[in-house]
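Take a look at this one chain, the form predicted on its own, written out in C-alpha cells.
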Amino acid sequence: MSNRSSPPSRSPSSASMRTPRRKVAGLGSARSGTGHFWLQRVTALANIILVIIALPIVISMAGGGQEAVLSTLRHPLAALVLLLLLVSMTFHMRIGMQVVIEDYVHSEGTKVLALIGNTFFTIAVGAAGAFAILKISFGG
C-alpha cells in the first residue's frame, strides 16, 4: 500500500487550454515583461532629443536678468519644449525608480509603500514644475 495521495481531479471546465510557456510569456519578476524596458528606452531617447532642443533655450537665458528669462519662458514654443521635457523626465524617473524598488526592496509591504511614494513624488514634482512653467508662460 502506498502513502502517496492521488492528485486532485480536474473538471474539464477548470482545465486551462494555455500551455505553461504561454502562461508566463512576457512576464518578468514584476509581471511587467519587457514593457518597462522599452518604455525606459523610449523616454530616454525622448529626453535626449528634448534636451538637445531645450539646451539652446536655457543657454540663451544664461546671464540674462529676470525680465530676459521671463520673456524667453513666455514664448509658447519654449514653454512647450520645457513642459514636454519635464513630463518625459518625470515619467522616466518614475519608471527607473520603480525598477530599482522592485529589484532591491524585498519586503512586500515596504515595496508597496515605496512604489506608492515613488508615484506620488513624481506626480508632485511634475505638477509643481508644470504649474511653474504654465504660470510663467501665461504671464502670471
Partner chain sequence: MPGAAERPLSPHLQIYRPMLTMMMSIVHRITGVALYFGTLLPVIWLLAAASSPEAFATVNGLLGSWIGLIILFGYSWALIHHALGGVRHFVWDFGHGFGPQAREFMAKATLGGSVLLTVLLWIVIAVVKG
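Residue numbers count along the first chain shown, from 1. What you are looking at is a predicted structure, and each value in this text was computed from that prediction instead of being measured.
Form predicted together with the partner chain: not shown, discussed below.
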Counting only non-hydrogen atoms and a 4.5 angstroms cut-off, does V112 reach the partner chain in the model of the complex?
no
Close approach of V69 to the partner chain in the model of the complex, 4.5 Å, heavy atom:
yes
Would L77 count as a contact of the partner chain in the model of the complex, using a 4.5 angstroms cut-off between non-hydrogen atoms?
no
Does T34 make contact with the partner chain in the model of the complex, using a 4.5 Å heavy atom cut-off?
no
Tell me, which of V87, V105, V81, M61 has a heavy atom within 4.5 angstroms of the partner chain in the model of the complex?
M61
Residues in 90-104 with any heavy atom within 4.5 Å of the partner chain in the model of the complex:
H92, M93, M97, V99, V100, D103, Y104
